[in-house]
Ligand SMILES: NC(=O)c1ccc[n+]([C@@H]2O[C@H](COP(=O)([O-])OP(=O)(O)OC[C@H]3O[C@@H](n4cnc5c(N)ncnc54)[C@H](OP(=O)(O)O)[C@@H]3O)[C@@H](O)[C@H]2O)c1
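Form predicted alone, single chain, as structure tokens, below.
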Amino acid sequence: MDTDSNTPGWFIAGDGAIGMALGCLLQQQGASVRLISRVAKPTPAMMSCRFTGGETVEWTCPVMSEPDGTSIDRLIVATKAYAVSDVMDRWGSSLAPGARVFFLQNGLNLDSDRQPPPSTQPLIVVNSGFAAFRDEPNHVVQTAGEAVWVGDGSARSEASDPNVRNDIACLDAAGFHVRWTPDIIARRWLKIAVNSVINPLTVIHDCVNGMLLEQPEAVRMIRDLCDESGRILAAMEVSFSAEEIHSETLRVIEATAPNRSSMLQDHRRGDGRHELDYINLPLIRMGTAHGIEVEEHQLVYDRARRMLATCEPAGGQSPA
């Protein structure tokens, strides 16, 4: 079992709903956990999590906002995609040789992905079934707990490093149901395709995920976007069809029905940061590069971008 006495602890960058839920699950299994926050907070922080079975767990956790000389062997980056660069800039030098860095983001930055130091092991996490939301500053509600995929892009049938295999076993035992896959790049594109539908449509219709299926325009747009994504992924030789994308999109909407999407949260917060260029833009660019019409995605991108313009960050990217 992963405990303080025999293995290094877990550092979780991002004290949002997913980061807090993960931290609670790991601590319940006896792991040492430290949350990394973008801003300084009182430490230890007192938090609570309500899980899918109805149980509420009260817990406390150390919170760090600046490196303190501690060497990090296991880091989960559970931030929005636009915050990854800041995390790597601030914490990259604290990563020990061989450290495992789990990137748990909804999107992809095609222009300037920050990578951890070359001596570390970056791992891609595709969260297709674990969901939570924060209904109070220090209280999280888990709403789904299905499979989560992890891989390193090598197409190996299992992780070559026993430390990675141990990490996966620890996460799985804690209730974050992680499965290694040699097909992580394809699964990441499937996740991007799904999120490129749900996220901007919840902004456009100003609603929680589940309400998209109650609006005829949104239902039509979901189908059209999935069809177009199927053509894009086929051109990329990614093995998920339009029907599979549509089915997965509906499954995620239903599994996360009461949740506000990350993009809707960004829009409502209105502090100048959002994920449109990390979720929708990569798919548009890949379609254009492969000569695929991206009319539906471009229309949704433009419509959502106009709505997000009130919180537009300086230096935003364009589809061109």
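Just so it is clear, the model here is predicted, and its values are computed rather than measured. All residue numbers are counted from 1 along the displayed sequence.
There is another form of the same protein, the form predicted in complex with the named molecule; it is not shown, and what comes next is about it.
Worksheet item: Is it the case that 24, 45 and 138 all touch the named molecule in the predicted bound form, with a non-hydrogen atom of each within 4.5 angstroms?
Response: Result no, not one residue of the spot touches the named molecule.
Worksheet item: Wondering, does residue 246 line up within 4.5 Å of the named molecule in the predicted bound form on heavy atoms?
Response: Residue 246: no, not in contact with the named molecule in the predicted bound form.
Item to complete: State yes or no: in the predicted bound form, is some non-hydrogen atom of residue 131 no more than 4.5 angstroms from a non-hydrogen atom of the named molecule?
Response: Yes, contact at 4.5 Å.
Worksheet item: Looking in the predicted bound form, any heavy atom of residue 225 within 4.5 Å of the named molecule?
Response: It does not: once the named molecule is placed as it appears in the predicted bound form, residue 225 has no heavy atom within 4.5 Å of it.
Worksheet item: Should residue 276 be classed as touching the named molecule in the predicted bound form when contacts are defined as heavy atoms within 4.5 Å?
Response: Looking in the predicted bound form, residue contacts with the named molecule do not include residue 276, since no heavy atom lies within 4.5 Å.
Discussion item. Give me the residue from 205, 90, 156, 177 that has a heavy atom within 4.5 Å of the named molecule in the predicted bound form.
Written reply: Of the candidates 205, 90, 156, 177, 90 is the one lying within 4.5 Å of the named molecule in the predicted bound form.
Worksheet item: Of the options 253, 49, 283, 36, which one has a non-hydrogen atom that comes within 4.5 Å of the named molecule in the predicted bound form?
Response: Contact check passes for 36.
Discussion item. Please identify, from 227-235, 122-130, 212-220, 94-102, the stretch that has a heavy atom within 4.5 Å of the named molecule in the predicted bound form.
Written reply: Answer to the contact question: 122-130.
Worksheet item: For 145-168: residues with a non-hydrogen atom within 4.5 angstroms of the named molecule in the predicted bound form?
Response: Stretch hits: zero.
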